[in-house]
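One chain comes next, on its own, written out as structure tokens in the form predicted alone.
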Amino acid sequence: MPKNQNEKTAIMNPREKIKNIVLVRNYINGKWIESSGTESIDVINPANKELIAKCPLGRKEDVDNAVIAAKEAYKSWRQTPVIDRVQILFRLKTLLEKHSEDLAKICTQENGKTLIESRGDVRRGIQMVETACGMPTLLMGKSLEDIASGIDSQAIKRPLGVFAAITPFNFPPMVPFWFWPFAIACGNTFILKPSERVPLTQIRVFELIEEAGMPKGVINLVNGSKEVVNSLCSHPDIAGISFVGSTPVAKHVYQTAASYGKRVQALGGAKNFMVVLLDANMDLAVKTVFESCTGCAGQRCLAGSVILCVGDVYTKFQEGIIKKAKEAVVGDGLDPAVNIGPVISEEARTRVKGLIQSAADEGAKILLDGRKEADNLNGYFLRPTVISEVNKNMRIAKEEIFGPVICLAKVETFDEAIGWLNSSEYGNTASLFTSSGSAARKFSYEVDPSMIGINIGVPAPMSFFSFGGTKASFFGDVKVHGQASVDFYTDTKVTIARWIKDSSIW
């Protein structure tokens, strides 16, 4: 029975509203309960500035309670056969498919991206669950008899305990699924802290997790901000932390959690360069680059940023991208005619405007200025901005923008383009547009980023491949989803055995 009436209300209605505002709660040990935090952050629909929810800023106590629940659940969950663990994921996959449109609409409401982008966000999350359903195969170990005369050896992957993830605002449905389905399918238990800016999608996901029959304590939801993050990173009973967000915070999470002996995978920011050669299919290149730079209002870690046009391709590409940008329809993502939604907040919009202004101050040309044209819309909107004559010393060429801004730069040679992108402190993705196989091979062989696109604008690996960058874009040793996740969420135990023949038996 609930300890108090507030807890009873939370269990019965995880999305209780007062004056049409959702009061966000935690999900711990199979129950919807109120946060111990006394402060909250407003959740604003960025398309119209309407207050839609209040997200609590949880405290260490919330983390402690979630860890207690997860640690207790681990005792039996670890012993649950993997084939039984994934049955829950199979059921969840069916529920996610059934309610995918509902999830997409919630995502658009709290994040601002267009409905078609939100549908893709949900779809990618479902694909993670599908891959994790294959854990009976993914989790298999190795064995070899007669490693020496009469001696056999086997390696078995075993879970480690309680894991946690801290996820960002830009992909509310998808990013949490990068982590917890793999973790729990391996036999671990889990705590998720979603972004306090976009908590509503995960409330709906957890309702479906509950409906799928997940045992209590196996997966828990704790809302909050800095105190919750630091508590997760330092808690002695958490085996590992996954993080996605800005590079400064990724570095902090990595250093803090690692200092407490945890496994860590911390994905940070990016500065993604796209190279266009003269032999590229120009229509495809323009369309793909534009979508890469402005999709999700530019708020994705794989968004294109600086376009390096090699030689004479510069003028033709510039004309095409300006035409494409002028055709863009900016507005509420629920409107099917819209293809670019708002950025997440006024703070984000102000920061992007400042970066655009810095480019002008440093000598770049603003060919299409998206700052003022969107001010008549009642939301955090920016129209696409196209900037030319960018050089590598400008702020806008070095810092992550996270807005619908396209920076054009002319380089004389392919080698110069590769040298420029390799000089970046980041190493998330890089894309090349060409019809040449030898150019594509050279690019893949020589560039530093870990995720490479050839005539692809957003080279996001599928759920069965690993995902993650290098340099200041990734802190850790083992990347996310696919087989890499199995390695991160398990320890390999090796047994070496010799059995002496008993002549009394055979």
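Quick note: we count residues from 1 along the sequence shown, nothing fancier. This is a predicted model, so every value here is computed, not measured.
The following text describes the form predicted in complex with nicotinamide-adenine-dinucleotide (NAD), which does not appear among the structures shown.
Q: Have a look at 225 to 233, 110 to 118, 155 to 163, 277 to 285 and name the one stretch with heavy atoms inside 4.5 Å of nicotinamide-adenine-dinucleotide (NAD) in the predicted complex.
A: Flagged stretch: 225 to 233.
Q: Have a look at Thr201, Thr189, Ser431, Asn428 for me and say which one sits with a heavy atom within 4.5 Å of nicotinamide-adenine-dinucleotide (NAD) in the predicted complex.
A: The residue from Thr201, Thr189, Ser431, Asn428 that makes the contact is Asn428.
Q: Looking at Asn220, Thr385, Ser242, Ser195, which has any heavy atom no more than 4.5 Å from nicotinamide-adenine-dinucleotide (NAD) in the predicted complex?
A: For this set of options, the contacting one is Ser195.
Q: Please run the contact check for Ser424 against nicotinamide-adenine-dinucleotide (NAD) in the predicted complex: heavy atoms, 4.5 angstroms, yes or no?
A: Heavy-atom contact with nicotinamide-adenine-dinucleotide (NAD) at 4.5 Å: absent for Ser424.
Q: Look up in the predicted complex whether Ala270 has a non-hydrogen atom within 4.5 angstroms of nicotinamide-adenine-dinucleotide (NAD), and give yes or no.
A: Ala270: yes, in contact with nicotinamide-adenine-dinucleotide (NAD) in the predicted complex.
Q: Within a 4.5 Å heavy atom cut-off, is Gly295 in contact with nicotinamide-adenine-dinucleotide (NAD) in the predicted complex?
A: It does not: once nicotinamide-adenine-dinucleotide (NAD) is placed as it appears in the predicted complex, Gly295 has no heavy atom within 4.5 Å of it.
Q: Does at least one non-hydrogen atom of Thr131 fall within 4.5 angstroms of nicotinamide-adenine-dinucleotide (NAD) in the predicted complex?
A: Close contact is absent here: in the predicted complex, Thr131 is far from nicotinamide-adenine-dinucleotide (NAD), nothing within 4.5 Å, heavy atoms only.
Q: What residues of 165 to 194, in sequence order, lie within 4.5 Å of nicotinamide-adenine-dinucleotide (NAD) in the predicted complex by heavy atom?
A: Ile166, Thr167, Pro168, Phe169, Asn170, Trp178, Lys193, Pro194 sit within 4.5 Å of the partner.
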